[in-house]
Each structure stands twice: as C-alpha cells, then as structure tokens.
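Below, in structure tokens: the form predicted alone, a single chain.
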Amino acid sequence: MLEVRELAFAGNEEGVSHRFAQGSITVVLGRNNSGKTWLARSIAGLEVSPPGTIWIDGQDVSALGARERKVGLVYQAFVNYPTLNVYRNIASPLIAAKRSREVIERTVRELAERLQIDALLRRFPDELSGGQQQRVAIARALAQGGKVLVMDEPLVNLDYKLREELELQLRDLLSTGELVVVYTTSDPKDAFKLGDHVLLLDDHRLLQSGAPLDVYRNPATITTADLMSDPGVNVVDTDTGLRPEHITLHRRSASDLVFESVLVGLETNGSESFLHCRWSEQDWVVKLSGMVDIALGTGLQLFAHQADVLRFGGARGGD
C-alpha cells in the first residue's frame, strides 16, 4: 500500500493526502503545472525533502533515497540505455541488485513475454518503435521488484495509433494483485480507460478523488467537472455548467433549457462533430454523433435537460 500525508508544494498550506489502493491503478489527472509530475517525483524519491510524509507498506520512506524506495518510474520520454540491448535493459536493475543469473533470466523472460517484447530481446533501443521502447521501460521498472510503479504521462510522446494500441493493453499488462500503479495524465479519457480510481489535482491541490464514473457524475466543483470532460465544460455562470455531450440541437422534453447561440466554428473526425458556438458572450462546444453540415454564422437553439445541468453552490442555469 502507498500513502501520502500532507504532501505540500509551492508554498501551499493545504497538503495532498491520499491512500493509493494495492492492486489498482490510480490515475492522477490535472492540467500542466497542476502538480502531477511533482507528485510522481515525490513518491519516487526524486524531489528534495518535500513537506509531508510518504508511506509504503506501513513504513515512512520520506527520508529514503530513490534507490532505497524501490519505486519503479516510467517517464514521458523513452528512457532506455542506448548501448544495451532489450534483454540487458530489462536486466539492469537485477544486475545492480546482484541477483543470480537464474533469477535474472527467469525475470527478464517473464516480463518480456508479459509485455509482448520477447521477440525483441536482442535488439537495441534505436531499432524499436516508440511503443516498443516504452514497453521496455515498463519492463525495466517492474524488474526492480518494488510494490509501487509510477508512470508520468508515459504515452504522451507516442503517435495516435501507438498510444491507442498500448492503452488497450495497459490494464492487462499491469494487472497484479500486489502492485500499486500511479498513472499521471492530462487526458480525462485515461481515467475511464485505465483507472480504478482518479485523483484530480489543480494548482498542487487535491480537488476530488474516487471512482472515475462517480467523480464524473458527482463533481464537487465546476473545475472538477471541467477536468473530467473532453471537451471541457461549457460555463453558464461561475456555479453552473453543461458538458458538451449533454447538449443537443433538438428539444427532447417540454422542460428542456434553451440557449440561443451562433455557430462560429465546426470540426469533425467522421464519427463525431464539434460545434463551436457563441452564447451570451461565452464560447461553447457542442459534441454530436456523426457528421454535421451547418453554415458558419447560423443561429442555433441549443437544448439541455434540466437534470444534465451541473449546479454548484445552489446556482441555477438557463438563458
């Protein structure tokens, strides 16, 4: 088990406290400079004496260095030793720990098979694709034998197809009853694809945590709701918002709210269309299924169910 207690940064008096469940993937979600990488580096022992404490299996490891903690860390970049082949890259932490040749052989073979790189053991990093290189980095991190694996936006530098391929497999690749996985990202889709739990950070503060679907359905603040939405939440006022996927161009019930808007932009990927609208001096996005062909400058009525309006602090929305 991993736990951080009152871990503070950048002068914030309110520290981050959270217990990460064993055998699960916790997705740490936040925008740039929210504190994701700082939290990852703090857990791994790479930050210099951050305020607060870090506990692994009931032991306070705050004063221990990175090597002593045995926390696996996978970075955004494909950090592999260029002069070592895949086998030696994976084996490197085992060799440093002076494990027996039999243990090294068995561990490397098991991890390589699990991460589907067993046919690549004699190749060098520059002979691998980005996805293969990241698999090698994950295997090397797991070879350390620790109970915590921290992944700091590990797929952000992959192209779309490679990222999609590895995302589909990552949950199975990391499935184990003992490992604590901390996965940082700025993409809310990762929380739903990978996460058993999600931890939302903003300005180095913990906003909310819980099961991804629970946090999506019951956001504590409009900032939380916005972090869990892609595209982000459309702001009605400071305490009221609407998700792009909850807006339609057709009335579905007599009680629907109506927002008079103007279309100022349109984009589509074939399966979805994103309408960029101007409502009450605010820029909104409407997310629709399929392809839509509407001329720019067209006046549009946007409809939303009352139940889909996100309200915070007792505010009410409408036009």
Partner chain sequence: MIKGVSNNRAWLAVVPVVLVVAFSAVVPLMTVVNYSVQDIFDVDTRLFVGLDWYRETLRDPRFIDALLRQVTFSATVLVIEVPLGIWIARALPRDSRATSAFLILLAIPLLIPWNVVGTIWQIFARPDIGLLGVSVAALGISFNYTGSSVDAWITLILMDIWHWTSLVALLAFAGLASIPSPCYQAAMLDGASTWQVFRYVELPRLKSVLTIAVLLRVMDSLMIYTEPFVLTGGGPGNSTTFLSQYLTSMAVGQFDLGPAAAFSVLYFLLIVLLCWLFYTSVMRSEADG
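Note that the structure is a prediction, hence the values are computed from the model and not measured. Residue numbers count along the first chain shown, from 1.
Here the subject shifts to the form predicted together with the partner chain, a form of this protein not shown in this document.
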Taking the partner chain in the predicted complex as the reference, which of Arg278, Arg67, Arg251, Lys287 has a non-hydrogen atom within 4.5 Å?
Arg67
In the predicted complex, the residue from Arg163, Arg205, Arg88, Arg243 with a non-hydrogen atom within 4.5 Å of the partner chain is Arg88
Among Arg114, Gln116 and Val156, does every residue place a heavy atom within 4.5 Å of the partner chain in the predicted complex?
no
Considering non-hydrogen atoms and a 4.5 Å limit, does the partner chain approach Pro219 in the predicted complex?
no
Quick check on Leu257: any heavy atom within 4.5 Å of the partner chain in the predicted complex?
no
Please check if Lys36 has a heavy atom lying within 4.5 Å of any heavy atom of the partner chain in the predicted complex.
no
Would Arg140 count as touching the partner chain in the predicted complex under a 4.5 Å heavy atom rule?
yes
For the interface check, one of 194-202, 165-173, 209-217, 91-99 should have non-hydrogen atoms within 4.5 Å of the partner chain in the predicted complex; which one?
91-99
Heavy atoms within 4.5 Å of the partner chain in the predicted complex is the criterion; list the residues of 59-75 that meet it.
Ala66, Arg67, Val71, Leu73, Tyr75
